[in-house]
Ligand SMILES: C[S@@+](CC[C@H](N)C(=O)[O-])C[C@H]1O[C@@H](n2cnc3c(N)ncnc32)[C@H](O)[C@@H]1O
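Single chain ahead, written as structure tokens, the form predicted alone.
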């Protein structure tokens, strides 16, 4: 489907004021946000520039949605005359978020189209996710800055994309026995969607449960374990057979496979 056929693009074109987006974003917007159209939601956008996106989202979500804008520029307050709620503040400051949520309460969707630095995106993620309602979303735009050197000082160990990968590890610690993190969002984040230039976190506390092993207690055929069995045509099987080794002798195979896998990580 062409981006021009998307509902969000049509809202973009019909906006009253200037708005700048990327073509690949519109089908993603439709996929992420279509379930909220016509609903009584609170939608927050960080970074409203010339105000066009405020009208875009009002058109897209419908009259029941409350649209809130956040920006550094005090001139953005002028859009309050159109019924939008505007907050002037710095997304990289924890104190701003504390004040914001004290006034607004929990919200349904936050779209970060702000400064796009690692620090701004990571602070925003940590401060906003606990204040998003269940079945809501935090969507971070323009995460390609995690790969750009000039002005963004990336790639970096501490880029937003690498932080997002850490959250993948974090939510997997709901499986018992895995290392847990000091700064954890696993009791909020149920699912993460990665797109080109966009990362979306789906919030659902009710589904963020620790994983447990269960057995249906039915008849078992006591199957033989084949996962660690050596291929009889392999070099390592021949060594094991020649020396009459009793162990599974799988560690050398593991190391060899690591070397084979390296190309997939380049």
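Computed from a prediction, not measured in an experiment: that's the story for all the values here. Residue numbers count along the first chain shown, from 1.
From this point on, the text means the form predicted together with the ligand, which you will not see here.
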{"query": "Location of the ligand contact in the model of the complex, chosen stretch of 114 to 122, 183 to 191, 131 to 139, 163 to 171 [non-hydrogen atom, 4.5 Å]", "finding": "114 to 122"}
{"query": "Partner-contacting position among 67, 48, 203, 28 - heavy atom within 4.5 Å of the ligand in the model of the complex", "finding": "48"}
{"query": "Residue 18 within 4.5 Å of the ligand in the model of the complex, heavy atoms", "finding": "yes"}
{"query": "Distance check, residue 159 to the ligand in the model of the complex, heavy atom within 4.5 Å", "finding": "no"}
{"query": "Exercise: residue 71 in contact with the ligand in the model of the complex, heavy atom 4.5 Å", "finding": "yes"}
{"query": "4.5 Å heavy atom contact, residue 91 to the ligand in the model of the complex", "finding": "yes"}
{"query": "Interface residues of 153 to 178 toward the ligand, as seen in the model of the complex [heavy atoms, 4.5 Å]", "finding": "none"}
